[in-house]
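First come two forms of one protein chain, each written alone as structure tokens, so that there is a structure 1 and a structure 2.
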Structure 1
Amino acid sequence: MMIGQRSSTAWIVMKHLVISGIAFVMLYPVLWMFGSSFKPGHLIFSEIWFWPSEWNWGNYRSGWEGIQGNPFARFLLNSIVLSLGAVLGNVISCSMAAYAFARLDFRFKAFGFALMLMTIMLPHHVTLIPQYILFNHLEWINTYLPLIVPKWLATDAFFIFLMVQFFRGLPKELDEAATIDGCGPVRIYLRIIVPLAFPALVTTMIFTFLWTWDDFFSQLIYLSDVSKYTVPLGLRLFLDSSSQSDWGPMFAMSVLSLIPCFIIFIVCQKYFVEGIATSGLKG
């Protein structure tokens, strides 16, 4: 009995050691970036270990002062405004579209849902040029409108599909009872569906925020004024292929740019896991 307990304990310890080792390997790039944010420039790429042998606290001060006359706080504010606009647009528009597909009956419903699912398989680069031409005719280039307005038109089919799966799991008897009490589709959506679908809405919020916050390509295409740059574009300004690059300040500001993502994920983790587990997208 004692031998069996010892072997079981040894197996548990070994399993945790292996998992801890894998976690360390996966997190090492983040640890290296965090350590490099405190290193002098000449030591960043000459040391493999993430812990600084020489500390330089000036990277954060220099990075926060910004570049080209634009403080990094402006890039953070621009990203917050853009991300919040995209989050509100996706949560409202995608939930309304999902409610229509999941609960309402209308002509060509199945065809519309299939067409919506087909857009998930359509690469973003295929529609980039037509969208740019359209937004250029609307004189929206160098503004946040091309990055926010489409979110208010339910263009992210992935979130519509996610919420459709969640809405279909809610008892339809709730709709029938509300209809008997005199509620129409709008009141049912606002009073019943939205409160019950809070986990799915939070999942949509988290994904939209992270994808918008980290987006580099779309923002590079539509934004040309440095004062309107977001965090990804602002970080790119620290790198110059023709002269010296400020790696230390760039890593320092990269660490700061991760803080909003960590805060949102930690605060909403419970609802995020619940939304994934109950929307039909679990592994």
Structure 2
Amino acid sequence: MMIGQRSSTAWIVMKHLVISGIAFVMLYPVLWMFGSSFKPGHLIFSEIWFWPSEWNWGNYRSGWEGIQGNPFARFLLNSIVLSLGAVLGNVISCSMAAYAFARLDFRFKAFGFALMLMTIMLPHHVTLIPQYILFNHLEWINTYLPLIVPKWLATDAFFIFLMVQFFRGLPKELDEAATIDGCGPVRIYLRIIVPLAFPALVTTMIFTFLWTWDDFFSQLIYLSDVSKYTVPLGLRLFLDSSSQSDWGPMFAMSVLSLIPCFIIFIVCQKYFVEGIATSGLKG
């Protein structure tokens, strides 16, 4: 392997070639989306190469106007509110549950843990209808509640599992020392675990944000008013597979709606690495 090999110039050039080659393949979709967002609809499909033959801002203009007095900015705003609500909920509720599973001794712990894992394994398509009926009885349909409240109740077990992993990586001596100092579990969680595992929480934030931002199906099912629509629903409003689709504006707004994700990722990305490296996986 290449690790530790003497760094000849040729090797460095090679390495950069390989890495940037892969990077181009990775970047191509965004280039393509970007290029397509300037093309008239009928060329998006028939042209192979991403570079537009002419730069045309019309797609951005008509996309931004949105639909029926609902400017695209509204969909963006709705998505931001929804995603932030979900992020906050997930971080708080999942970290609490994870703390219990990682650090506390209680009855039915193993059973609870297994049950939690099982909830990840069941495909959500079959629980959708019972859940809808439940939310309908609570009169939550056509509000953001069915999309946010579950996050506050730690139903995204994936993140509990993830954070359990992080928390167990923190040295137990810290807890013990704190206990001797008279701290109870609540203070240990707030004063030690949360600050030390902060990067883990950031990871959860980013994943939750992106996944909520992308989630088409459940937002479609629960939201009905167009004024409450979010980015994935707004984007699909440009498309109708049974008749006519406005692909140009759809691509323009897709590019635009990637920006918040980019910002979040770039601001937080260093925590991805530092986070897991400093606290998570150490034995």
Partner chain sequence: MMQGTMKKWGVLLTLTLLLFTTACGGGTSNTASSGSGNSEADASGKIELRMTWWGSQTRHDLTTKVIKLFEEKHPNITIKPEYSGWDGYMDKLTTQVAGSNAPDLLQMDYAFLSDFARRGALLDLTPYTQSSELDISKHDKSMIDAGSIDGKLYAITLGVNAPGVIYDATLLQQLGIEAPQESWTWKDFSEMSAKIAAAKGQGFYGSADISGMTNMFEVFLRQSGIGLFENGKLAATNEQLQQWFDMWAALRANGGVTPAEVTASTTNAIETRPISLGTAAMDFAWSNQLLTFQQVNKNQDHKLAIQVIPHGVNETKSGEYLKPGQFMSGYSKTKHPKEVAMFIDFMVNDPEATAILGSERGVPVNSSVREQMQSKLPDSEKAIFQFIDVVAKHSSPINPPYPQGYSEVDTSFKTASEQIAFGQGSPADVIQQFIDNANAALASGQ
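Remember, it's a predicted structure, so these values are computed and weren't measured experimentally. Throughout, rigid core stands for the largest set of C-alpha atoms superposing within 1.5 Å between the two forms. Numbering runs along the sequence of structure 1, starting at 1.
Visitor: Just verifying the output here: the form predicted on its own should be either structure 1 or structure 2. Which one is it?
Guide: Structure 1 is the matching one, since it is the form predicted on its own.
Visitor: Would you pick which one of T143, G89, I133, G66 lies where the chain hinges as its rigid parts rotate between structure 1 and structure 2?
Guide: Between the rigid parts, the switch point is G66.
Visitor: Treating the chain as two rigid parts, state the angle between structure 1 and structure 2 by which the smaller one turns with respect to the larger, in whole degrees.
Guide: The answer is a rotation of 13 degrees for the smaller part.
Visitor: How many angstrom apart are the two C-alpha positions of V13 between structure 1 and structure 2, if you fit on the rigid core?
Guide: Comparing between structure 1 and structure 2 after core fitting, V13 shifts 5.6 Å at its C-alpha.
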